[in-house]
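To begin, one chain is listed below as structure tokens, in the form predicted on its own.
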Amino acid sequence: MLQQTPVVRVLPVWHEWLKRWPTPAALAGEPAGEAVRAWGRLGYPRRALRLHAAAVAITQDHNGKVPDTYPELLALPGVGGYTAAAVAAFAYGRRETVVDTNIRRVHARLVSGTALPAPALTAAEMRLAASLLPADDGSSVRWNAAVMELGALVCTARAPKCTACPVNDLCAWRAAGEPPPSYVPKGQAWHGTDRQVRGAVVAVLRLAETPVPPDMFFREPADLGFAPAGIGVPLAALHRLNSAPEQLERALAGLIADGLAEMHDGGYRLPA
């Protein structure tokens, strides 16, 4: 859930998930569509499908217990190198090289003397992180957590609190006179994109109790003089986007191809 999504948005959804599905087996026992429905507005809903698939794999292949080694974690659906290392380190106390955005930024400034790390993770960054990791398990876990928190709370991207930094006197970036970044990070576009339309369609499917006929996505309902309710609320939001028919068709086809929707009884619904 925390991949590309701030903690403040994740926490309430995470609490609801743990209340509803306290174990991997509990999640695996429900349709994948329920995971997408409960994902809410966290974005990138394919993560919900992967999380459900991981719960199924954990239930079937690991007796319902999340595996505790990097290779086994990496083999789970939707789990990449960072997540596998983070779970192995923080949940099981193993010595793994954990490298997230915050850690990359601290290393870039403290050791490499640059304002920001490269736009994409490099092999050199991984080698640097591995070389800095303490040798014993306990210290390595604390190191990973400490550097991550330092980047999140002190060595931030836009307004670093250098005077409060405990390693201020060791910082190569400060010693170099705080040179500006070599590039300007660009956020992903949202308004008018296929991602926005896909999100609006998924919002409709999350509230729908029965398959949604295709016409409801393409034709705005007549104005009857009262506010929409139920599925009408996300449908109204979808129609306000004024998306071209071909963009809507592309969004619906993409959702089906990605397993986030399916056709049933002539309409669209979340996967069963």
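Residue indices: 1-based, along the sequence shown. Since we're looking at a predicted model, the values are computed, not measured.
Below, we turn to the form predicted in complex with the DNA, even though it does not appear here.
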query	finding
Interface residue in the predicted complex among P45, P67, P234, G33, criterion: non-hydrogen atom within 4.5 angstroms of the DNA	P45
Heavy atom within 4.5 Å of the DNA in the predicted complex - residue from A176, L170, A91, A157	A157
Whether P77, N102 and R198 all lie within 4.5 angstroms of the DNA in the predicted complex by heavy atom	yes
Contact test in the predicted complex: H62 vs the DNA, heavy atoms, 4.5 Å	no
Partner contact for P6 in the predicted complex: the DNA, 4.5 angstroms, heavy atom	yes
Partner contact for R50 in the predicted complex: the DNA, 4.5 angstroms, heavy atom	yes
Partner contact for G81 in the predicted complex: the DNA, 4.5 angstroms, heavy atom	yes
